[in-house]
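One chain comes next, on its own, written as structure tokens: the form predicted alone.
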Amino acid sequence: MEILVCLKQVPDDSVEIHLKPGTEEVNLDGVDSVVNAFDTYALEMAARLKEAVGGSITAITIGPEKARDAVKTCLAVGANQGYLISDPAFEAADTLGKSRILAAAVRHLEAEAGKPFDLIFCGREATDRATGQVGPQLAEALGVGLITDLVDIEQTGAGICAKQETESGYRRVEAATPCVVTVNKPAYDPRYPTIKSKLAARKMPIPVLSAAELDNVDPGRPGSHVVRVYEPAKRQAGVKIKEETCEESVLKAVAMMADAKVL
């Protein structure tokens, strides 16, 4: 099975990030860049599927030269080859533009290899923007099927069977290949690279795909713009109610809610 995993390099979401004083500019000084968490889940799911049925995994990302490190990370934990899509013409692209760029890259790599991708994995969303738009837009650009919010997947005779998480539980969804899938957090964690796999990944070539190599794909003018950037309001401390009896505590809580007009 030929698998493509789309990933994004994002600021480390385990670090509390603030704006620069007096501005709407995010302060990323000293914050490391990492592979988006949902994309690591997608890669792990793809790697498990490859181990079960055989095949190859290609990792790809759009970004500046430093995004090459994200591809190296994927090469160290299951990907067989990786590509960096980088060009000044792509820097202003929004999610729709990036989906067009990725679609052009898919067609380029398929033509170069002489065979199509069976599955294209994307994370559910990126932790720095959380729009969840690229996967569905990529499926539309390629004209293939889409399954979102996967937590498990297996190959069937006709294609794939996916376990999809919904607001009310889970459901099984079958689809023919090729198709795009977006991955939520599964029941297992992504694997860690070993020293040996890290050293091997450093030696692997990561070709750069420019706009010229992608037939000068036009990402289009951004259809969205940022209105305002601000930090969330500080959460206020809660109120502890400690009366002598449970009944008195309940009465006091109800009275406080009535005063606040939330009843």
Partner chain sequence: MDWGNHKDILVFVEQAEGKPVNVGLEALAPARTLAGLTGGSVLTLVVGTDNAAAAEKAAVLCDGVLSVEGAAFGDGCTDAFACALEAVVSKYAPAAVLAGNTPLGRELTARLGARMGLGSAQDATALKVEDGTPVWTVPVYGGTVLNDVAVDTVPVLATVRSGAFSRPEAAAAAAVTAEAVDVPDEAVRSRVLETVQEISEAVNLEEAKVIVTGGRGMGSKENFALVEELAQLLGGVVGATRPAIEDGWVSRAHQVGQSGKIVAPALYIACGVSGATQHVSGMSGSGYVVAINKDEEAPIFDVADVGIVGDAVQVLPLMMEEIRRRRAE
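A quick note: this is a predicted structure, and the numbers were derived from the prediction, not measured. Numbering follows the first chain given and starts at 1.
Beyond what is shown, the protein has a form predicted together with its partner chain; the following relates to that form.
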Heavy atom of each of Glu16, Glu140 and Glu174 within 4.5 Å of its partner chain in the predicted complex: yes
Just to confirm the contact call: exactly one of 85-93, 72-80, 102-110, 125-133 touches its partner chain in the predicted complex at a 4.5 Å heavy atom cutoff, so which is it? 125-133
State the residue from Glu51, Asp32, Glu231, Asp218 whose non-hydrogen atoms include one within 4.5 Å of its partner chain in the predicted complex. Glu231
Residue contact check: Pro207 to its partner chain in the predicted complex, 4.5 Å heavy atom: no
Ile153, heavy atom within 4.5 angstroms of its partner chain in the predicted complex: no
Using a 4.5 Å heavy atom cut-off, state whether Gly145 contacts its partner chain in the predicted complex. yes
Taking 4.5 angstroms as the cut-off for heavy atoms, does Ala211 touch its partner chain in the predicted complex? no
Go through 157-177 residue by residue and record those having a heavy atom within 4.5 Å of its partner chain in the predicted complex; state none if no residue qualifies. Cys161, Glu165, Thr166, Glu167, Ser168, Gly169, Tyr170, Arg171, Arg172, Val173, Glu174, Ala175, Ala176
